[in-house]
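In the form predicted alone, a lone chain appears below as structure tokens.
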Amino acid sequence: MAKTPIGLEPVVGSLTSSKKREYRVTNRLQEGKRPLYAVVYNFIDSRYFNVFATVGGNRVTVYQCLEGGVIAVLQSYVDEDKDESFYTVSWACNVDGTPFVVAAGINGIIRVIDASNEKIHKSFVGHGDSINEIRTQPLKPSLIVSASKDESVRLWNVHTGICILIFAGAGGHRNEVLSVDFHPSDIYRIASCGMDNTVKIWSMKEFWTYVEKSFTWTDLPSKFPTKYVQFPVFLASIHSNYVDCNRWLGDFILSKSVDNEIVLWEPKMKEQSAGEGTADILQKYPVPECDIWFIKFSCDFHYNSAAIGNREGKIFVWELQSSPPVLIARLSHTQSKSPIRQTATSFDGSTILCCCEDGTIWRWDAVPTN
């Protein structure tokens, strides 16, 4: 278990710091009555950087952000099971470059939707309970990871439909896994967090031959020799409550719990002993009224900023790469009162989307400076 050393005081950002960027609401859509739990831009394919997807109830909707605040509906997929409630969505692609929208939720089934024809490419069954988050490997976008209530993380190949690895067991999470993320440059590494209050870092390095094998496998996916990864390489108790969102920032990790802040910390591994090490807490980004779980933040493509909503319908935009942290903007609108479940920050950070408990999508655009 990583111990947090005493003596290194984290730098806490000020909520009263000068506003660096002005944003205004350019659109508000009421998608339906059911809560929207996820919104995500397609950063996988440069042709579609302005395309995003949302999920709510049994529906996946694909939109495009156009000039002048316009949001155009491109596609909509309704699951055959009307009781499905999708919690997460991610963009991936087939080996030939076809864009996929991957969604999952309460049923624990991963739907891989081919965005070129709006049909289901594959459905993955394997998790024993609902799925809280799916993320795509940016360096190999036909690999996805899923985090589940069944206390496991699974690695899948969307091209072949194979479950390659299951991160669970003796050293695994002891409660629901709420969030998972691929390291941006180290292809072997993922981080996961959840209701056991921990963040775990896992390595796929010694199992990489199975990942490669998953691309050339021709037999039934069920015959693939799926491997269990039972022990993380690092375990940290940064938070004292549920950890519902974690993202890599280079080799550092941004994570948040239900205590009104995002924390930036550095895992320091001990080479000899797996799982051992220390965690240096570097910075804290306060987010008032962010004390309910399942609120996720988002970053622009280059991780310059993070945007996060709260339970009162407000958004806080933090500059990530400055010390002390600088609050770029605090966004509020008289009609935005519903909890914001997730934000999506555009490629360059100039547009911020959010999806809300009341079924609305809001679009904020940066006001150009003269």
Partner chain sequence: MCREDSCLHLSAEEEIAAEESLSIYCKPVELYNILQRRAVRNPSFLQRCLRYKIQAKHNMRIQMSVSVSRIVNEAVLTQSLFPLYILLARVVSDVAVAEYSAVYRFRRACILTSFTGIEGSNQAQANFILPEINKLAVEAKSGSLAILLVSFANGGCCLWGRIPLESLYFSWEKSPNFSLGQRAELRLPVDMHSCLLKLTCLNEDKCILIQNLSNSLLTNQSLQLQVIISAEEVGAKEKSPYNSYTCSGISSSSLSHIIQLRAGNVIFNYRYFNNKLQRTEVTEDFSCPFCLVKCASFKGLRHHLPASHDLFNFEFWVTEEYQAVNVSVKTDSWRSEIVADGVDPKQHTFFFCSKQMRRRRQKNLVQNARHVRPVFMESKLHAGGGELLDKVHGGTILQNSRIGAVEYAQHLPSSFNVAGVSGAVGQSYSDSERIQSVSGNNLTPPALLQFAKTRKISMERSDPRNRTLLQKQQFFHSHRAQPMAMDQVMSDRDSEDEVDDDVADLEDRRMLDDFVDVTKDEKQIMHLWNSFVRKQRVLADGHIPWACEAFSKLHGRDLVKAPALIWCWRLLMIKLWNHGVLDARTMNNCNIVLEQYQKQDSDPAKG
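Predicted model, so just to flag it, every value in this text is computed and none were measured. Residue numbers count along the first chain shown, from 1.
What follows is about the form predicted in complex with the partner chain, which we do not show.
Peer 1: Considering the partner chain in the model of the complex, find the one stretch among 133 to 141, 190 to 198, 106 to 114, 293 to 301 with heavy atoms no farther than 4.5 Å from it.
Peer 2: Every other range fails; the passing one is 106 to 114.
Peer 1: Tell me whether Gly172, Glu176 and Phe316, taken together, all sit within 4.5 Å of the partner chain in the model of the complex, counting heavy atoms only.
Peer 2: No, none of Gly172, Glu176 and Phe316 comes within 4.5 Å of the partner chain in the model of the complex.
Peer 1: Which of Asp129, Glu212, Asp251, Glu289 has a heavy atom within 4.5 Å of the partner chain in the model of the complex?
Peer 2: That would be Asp129.
Peer 1: Between Ser222, Ser76, Ser240, Ser185, only one gets a heavy atom within 4.5 angstroms of the partner chain in the model of the complex; which residue is that?
Peer 2: Only one listed residue qualifies here, and that residue is Ser222.
Peer 1: Considering non-hydrogen atoms and a 4.5 Å limit, does the partner chain approach Trp208 in the model of the complex?
Peer 2: Flag for Trp208 set to no.
Peer 1: Is there any non-hydrogen atom of Ser85 lying within 4.5 Å of the partner chain in the model of the complex?
Peer 2: Heavy-atom contact with the partner chain at 4.5 Å: absent for Ser85.
Peer 1: Although the partner chain is absent from this view, report whether Ile120 comes within 4.5 Å of it in the model of the complex, heavy atoms only.
Peer 2: Yes, Ile120 lies within 4.5 Å of the partner chain in the model of the complex.
Peer 1: Does at least one non-hydrogen atom of Val95 fall within 4.5 angstroms of the partner chain in the model of the complex?
Peer 2: It does not: once the partner chain is placed as it appears in the model of the complex, Val95 has no heavy atom within 4.5 Å of it.
Peer 1: At 4.5 Å, heavy atom to heavy atom, what parts of 247 to 262 sit next to the partner chain in the model of the complex? List them in sequence order, or say none.
Peer 2: The stretch does not touch the partner at all.
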